[in-house]
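Heads up, the chain below is alone and in the form predicted on its own; it's given as structure tokens.
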Amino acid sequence: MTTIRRFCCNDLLRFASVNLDHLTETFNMSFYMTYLARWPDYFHVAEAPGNRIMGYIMGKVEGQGESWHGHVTAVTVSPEYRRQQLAKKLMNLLEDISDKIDKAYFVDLFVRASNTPAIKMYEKLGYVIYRRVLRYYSGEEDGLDMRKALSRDVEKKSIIPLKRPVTPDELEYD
């Protein structure tokens, strides 16, 4: 049986095997610690029996006004636990927190333009491609900014796609 719980400091020493996928972004320890300290509600881990980490989701809430949103910084599932809808459960958890607790207008995420399986999964979860970000990943590969409107965005303004690609310099960061 899978247990989904808040990520804790000890997990930082146990989740490296989940990050082995070449499409998974990895960060330094201080980056993970910052998320754990600032946005603990947005950082969860899925565990199998025997306390084996199956996957995790890390995110935050940011923006102002109608740009107030939840952001998925990373979601990844270890290869042996894929195709069990674990990513969907983790995404739904982050969306619920963004919607019901933080009253965000939308959830967004960035995905490599070449990562077709992930793009299709996000589309099945209700995400749309909002814009293309040129050379987003290491200054080489384009990223797609995908969004899903939440209940506060009644008119779904947050997911109206931009007509032109943007550069990383044009992105808004908090």
Partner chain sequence: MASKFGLAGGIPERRVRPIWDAIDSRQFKNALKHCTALLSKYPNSPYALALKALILERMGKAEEALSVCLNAKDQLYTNDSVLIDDLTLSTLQIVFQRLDHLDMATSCYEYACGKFPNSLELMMGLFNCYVREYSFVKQQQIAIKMYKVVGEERFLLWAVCSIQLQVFCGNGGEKLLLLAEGLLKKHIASHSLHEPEALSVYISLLERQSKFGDALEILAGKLGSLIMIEVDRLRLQGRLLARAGDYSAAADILQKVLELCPDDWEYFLHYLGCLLDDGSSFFLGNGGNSIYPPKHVGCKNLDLPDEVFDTRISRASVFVEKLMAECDNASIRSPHLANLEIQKRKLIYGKGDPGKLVEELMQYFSRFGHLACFTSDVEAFLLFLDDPNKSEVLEKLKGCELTSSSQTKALGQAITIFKVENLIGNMFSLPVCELEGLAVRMADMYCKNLPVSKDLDLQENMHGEELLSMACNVLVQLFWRTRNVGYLLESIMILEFGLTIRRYTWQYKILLLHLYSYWNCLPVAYDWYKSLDVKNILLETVSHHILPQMLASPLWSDLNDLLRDYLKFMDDHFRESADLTFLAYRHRNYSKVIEFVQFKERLQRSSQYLVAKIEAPILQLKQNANSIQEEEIKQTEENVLKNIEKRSLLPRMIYLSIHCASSSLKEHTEANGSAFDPKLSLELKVLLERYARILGFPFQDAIELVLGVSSGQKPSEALSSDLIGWINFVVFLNAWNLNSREIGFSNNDKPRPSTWHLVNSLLKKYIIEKMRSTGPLLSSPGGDLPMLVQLVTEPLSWHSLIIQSSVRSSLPSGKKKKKGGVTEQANSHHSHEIQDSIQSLCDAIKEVTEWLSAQINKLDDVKFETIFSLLQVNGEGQGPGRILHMFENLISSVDNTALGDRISQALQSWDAVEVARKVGAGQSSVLSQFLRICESKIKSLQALRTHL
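Positions refer to the first chain, counted from 1. Since this is a predicted model, take the numbers as computed values, not measurements.
Although it is not shown, the form predicted in complex with its partner chain is what the next lines describe.
Checking 58, 149, 54, 109 against its partner chain in the predicted complex, a heavy atom within 4.5 Å turns up for just one residue: 54. Remark: all three candidate residues (1, 10 and 37) come within 4.5 Å of its partner chain in the predicted complex, counting heavy atoms only. When contacts are judged by a 4.5 Å heavy atom cut-off, residue 117 counts as touching its partner chain in the predicted complex. Put simply, residue 164 is far from its partner chain in the predicted complex: not one heavy atom of it is within 4.5 Å. In the predicted complex, at least one heavy atom of residue 14 sits within 4.5 Å of a heavy atom of its partner chain. Proximity of residue 121 to its partner chain in the predicted complex: non-hydrogen atoms within 4.5 Å are absent; the residue sits far from the partner. Of the residues in 64-86, those that come within 4.5 Å of its partner chain in the predicted complex through at least one heavy atom are, in sequence order, 79, 80, 81, 82, 83, 84, 85.
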